Structure formats: C-alpha cells, structure tokens
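Before any questions on how it binds or moves, here is one chain, the form predicted on its own, in structure tokens.
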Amino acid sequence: MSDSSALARRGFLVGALGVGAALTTACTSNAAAPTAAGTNTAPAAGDNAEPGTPVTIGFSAPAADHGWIAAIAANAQAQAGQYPDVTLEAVNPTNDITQQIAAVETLINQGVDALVILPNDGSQLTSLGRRAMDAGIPVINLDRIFDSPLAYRTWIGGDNYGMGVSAGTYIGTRLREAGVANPIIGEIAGIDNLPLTQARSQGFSDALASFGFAVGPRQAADFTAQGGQRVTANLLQAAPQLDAVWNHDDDQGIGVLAAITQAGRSEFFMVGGAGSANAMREIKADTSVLKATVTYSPTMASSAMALARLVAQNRGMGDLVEKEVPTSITLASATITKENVDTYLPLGFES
C-alpha cells in the first residue's frame, strides 16, 4: 500500500529490468539462496547477469502485520539471494517510525552500498532518505514515496490511481454490456485519510464517470479482515440492492466476502484489489460474487532489490539505451479475471 502521489502515478514499467519480483533480521551472504515458497524472483538478464563488484544492500520495511507487507519482505530477501554479488543487511521490521529511523541510521553508519526503504510514513522519513543520499548511499524508495526527490535515487511502486481506473473500467464495461442503465455501485475503501486511498477512490470515480456512472454507497475500512467484515455488513444493510462493488484491498477482502456470505447477498459482482492468491483462487473457482481483482503487487520489492544492485554497481537496465537506472518506475495495475487468472496466480501473495 502506497502513499504515492500524482508524482508517481505514471512511469516506466518493470519489464526492462530483466528481473522479477521479495527478509531476515540478519545478514545474507554472497551465496545464492533458494527461492522461498510463495516468493517471486527472476534472475538478472543479459550483461547484468554477470557478477559485478560485491555490494551490501540494506533493507528496512514495516512489520509484516498483513499479507501484502509479509510478501514485500519475503520477496526482497528472495531476490537478494539470487545474486552471488549481493549481501543483504535487513534490519528488524517495525511499525514504530522512531525505531525505523534508528535502524536505518545504523545501516547508514555501517556504510552500506545501497538502501531499499519501504517507510512507515514517506513524509516522516524523508529527512532520513536525504541523510543517506547526502552520505553517498543511493536509496531505492519502495512504494510509500518520500516528500522530496532529493531523498531517493529511484522510486518504485504501484499505481494507486491506476488501480481505481482498472476497477472502474472493468465494472463500467461489464455493467454497460449487461445493459444496466442506472447501476448502484458500492465502494469499500481502505483508510480514508491516507493519500493512497484517496488516489484509488479518485481513479475509481473518474473511470466510472467515463461510462456515465457514479459511486453510490461507500464505506472505509482499515485494510484488515475484521474491519472489512464490519463495514461491509453496514454497507449491505444500508443498500438492499447493489449491482457492483469495488473492495480496495484483498487482505480486508476476506472479511468483506464473509459479510456478503453471512448476509446471503449475491445479486451483484465484486472486484478486489492488490492481487492476493486467496482472491485469485476465489476468482478461478467462480463460486462467489468476486469476479476480478486489480493488482498492486508486492513483487515490487524484488524489483527494488534488483534496482539497488544495479545502481550500487553503476549499471543500467539492460533493455534501455540509457546507461542509468530511471529515477521513477510505476507498476501498471492489471485486471485479473477468470480468463487470465492462471497467468497471475504464481505472483499472488497469501492474505
């Protein structure tokens, strides 16, 4: 889940990296490690496959209190393990901003060759990123963006606005094809005061407007299954008839589906968000209201680790003409349906 603003809505896709998509509180050495189950990695391609100067990459992220964050950490570790020339220094994950700052300061003082940071709060850790950059340590800012480009060498993350657009486009297209003239479209958001939620909702509203549709009943949850179940029960009680629903987050979607089942509702279809393996299996089975999900993949952590290696070794991305890694990479939000779910299922994370 990202705090990315309009600055980070569009950019390069990761395809040119020649890498895929992945932590421990200790150090992993320069020996290639096996890929853990449920993680997504890819080997370096072309000239970048050749080992370069040995580098140490520091990693810091929030505590894995839900499936998406857990997959971020696992993917980062697994990708680092693909490279014999990378040593990973991962600090203890924490949801305490003060503790995260102290941990990253330790990595700066150690003089690591690059940092990959998923901050608890992009704004509050901007000065920390700037401190590392000023010390000559390139920072790969993962997902939740710092306030200043001076605080990072490269930002990579998901497209929150694009998620909303993908969800709204799928729903609008399906309703128009069904001949529904004035649909009632529900929305179950994440935490409303977060920029990421606001961007997702704006994209959703804009996409629906292109069909002449609008968002109807709306509730904000908290990215947890418990919160999703609670607010969905409220929404269903307030809306006796629905045509479609978008739930922003597949982790909270477990509770959303539970509330729908408990209420015995099936007159509408639903789209999820993020791309969990749980949601994909539900879509493939085609036995519930969940018919699609739009991606916000934690494989971005694997790509961030690959970028850190390239930057630390002064390499570029193999398929690009330029000699330097781009400063901004935005991942596209794909729409996963029953028709293409088998392609994306290996990339799903467990909620």
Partner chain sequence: MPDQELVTAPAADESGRVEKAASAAGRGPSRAARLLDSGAGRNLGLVAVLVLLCVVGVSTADTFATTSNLLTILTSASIIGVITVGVTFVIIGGGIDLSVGKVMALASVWATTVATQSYGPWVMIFCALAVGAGAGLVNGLLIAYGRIVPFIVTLAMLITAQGLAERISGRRSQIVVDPVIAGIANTRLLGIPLLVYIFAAVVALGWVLLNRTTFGRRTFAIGGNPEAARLAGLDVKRHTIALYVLSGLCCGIAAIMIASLTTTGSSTHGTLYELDAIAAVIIGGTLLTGGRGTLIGSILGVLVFTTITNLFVLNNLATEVQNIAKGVIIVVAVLIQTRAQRTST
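Because the structure is a prediction, the values reported are computed rather than measured. Residue numbers count along the first chain shown, from 1.
Only in words, not in the display: the form predicted together with the partner chain, which the text now covers.
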If we take heavy atoms and a 4.5 Å cut-off, which stretch out of 260-268, 100-108, 123-131, 162-170 is in contact with the partner chain in the model of the complex? 260-268
Within 4.5 Å of the partner chain in the model of the complex, all of Q226, N278 and E350 (non-hydrogen atom): yes
Contact between I137 and the partner chain in the model of the complex at 4.5 Å, heavy atoms? no
With the partner left out of view, is R176 within 4.5 angstroms of the partner chain in the model of the complex by any non-hydrogen atom? no
Evaluate D192 for contact with the partner chain in the model of the complex, applying a 4.5 angstroms cut-off between non-hydrogen atoms, and reply yes or no. yes
Could you tell me if A233 has a non-hydrogen atom within 4.5 Å of the partner chain in the model of the complex? yes
Position in contact with the partner chain when the complex is considered in the model of the complex, options A209, L150, A238, A181, heavy atoms within 4.5 Å: A238
Sort through E322, E50, D65, D286 and report the residue having a heavy atom within 4.5 Å of the partner chain in the model of the complex. D65
